[in-house]
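Given next, in structure tokens, is a single chain: the form predicted on its own.
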Amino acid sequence: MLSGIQPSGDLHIGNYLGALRNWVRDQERFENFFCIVDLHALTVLPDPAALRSRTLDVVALYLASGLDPAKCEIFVQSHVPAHAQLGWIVQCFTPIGWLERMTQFKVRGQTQGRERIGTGFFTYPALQAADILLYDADYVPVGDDQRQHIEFCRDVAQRLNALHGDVVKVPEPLIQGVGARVMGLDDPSVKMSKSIAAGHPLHAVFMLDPPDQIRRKIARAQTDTEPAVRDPVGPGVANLIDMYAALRGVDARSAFDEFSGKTYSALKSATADALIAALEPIQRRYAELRADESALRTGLVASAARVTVIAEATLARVQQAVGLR
């Protein structure tokens, strides 16, 4: 299983509930590769110092959330050159039409205009596919909204195999259940996002937010015009219920029943309590880990060395198949 997060902004509760917590839960089930995808972060032209710092932030949060380096690989994408090398080969086997159909590209084109979008943002699904294919991943854990990216990867893999034999493994999406898609607190019609949160302080609860800030953000989260929790719930109320359910380990119906007829303030207070309880030990451990940058870098170097052996074997196999060796 392979997955990764961009170091392009502060990680939020959506990253935790939709990814990190599930990775920790499943690290006994699979051979796991967890990447910090810093090459993808270049698509937003980050400040270099900020990118370096946030890369270590993400590593520390991976570890603080419970990922165990003895049970999984935790490495930085750019530390393994095979990612970029296979990414170019995948681009060459990708029709432009496949990239133009990607939802994120179409949305960005509508909001920014195609002339202002960097080429990297247009072609990054090819690099993402290379990330996955390098490690012969059986599964890629994603939210349902990311299924299109896995379908793209599968299409590319199948095209390579159709042209050159069984060169790469075709991965499957591992769709998560409750808590897999956390919506924005200020606008529950859009998924909670690091990029949106950068300009909207009430959009997301960040994993390193102090308790008083968490309570303030949840208290101001959008609900609906009803005076209490009752069917049919609006998207803002459903979002809070889903978060509470995921944090408490119950299904959404059970969480709804717990708050049915109660005021929104009761739901918000309980959700904030659950968030604070879940994040407090992570924040404490993060502070300890982040204070020792040398140890973090040493772990990354060791992991990159181990995964490079696997990645280069796949790259060599593909290079041989397409005529580069």
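Since the structure is predicted, the reported quantities are computational estimates derived from the model, not experimental observations. Each residue number is its position in the shown sequence, starting from 1.
The same protein also has a form predicted in complex with tryptophanyl-5'AMP, omitted here; what follows describes it.
Picking from 131 to 139, 205 to 213, 164 to 172, 224 to 232 the stretch near tryptophanyl-5'AMP in the predicted complex, with a 4.5 Å limit on heavy atoms, gives 131 to 139. In the predicted complex, tryptophanyl-5'AMP lies farther than 4.5 Å from every heavy atom of Ala311. Put simply, Val37 is close to tryptophanyl-5'AMP in the predicted complex: some heavy atom of it is within 4.5 Å.
tryptophanyl-5'AMP in the predicted complex is approached by Lys194, whose closest heavy atom lies within 4.5 angstroms of it. In the predicted complex, tryptophanyl-5'AMP stays beyond 4.5 Å of every heavy atom belonging to Arg21.
Among Ala157, Val80, Ile89, Val182, the residue placing a heavy atom within 4.5 Å of tryptophanyl-5'AMP in the predicted complex is Val182. If you take 4 to 36 and check each residue for a heavy atom within 4.5 Å of tryptophanyl-5'AMP in the predicted complex, you get Gly4, Ile5, Gln6, His12, Gly14, Asn15, Gly18, Ala19, in sequence order.
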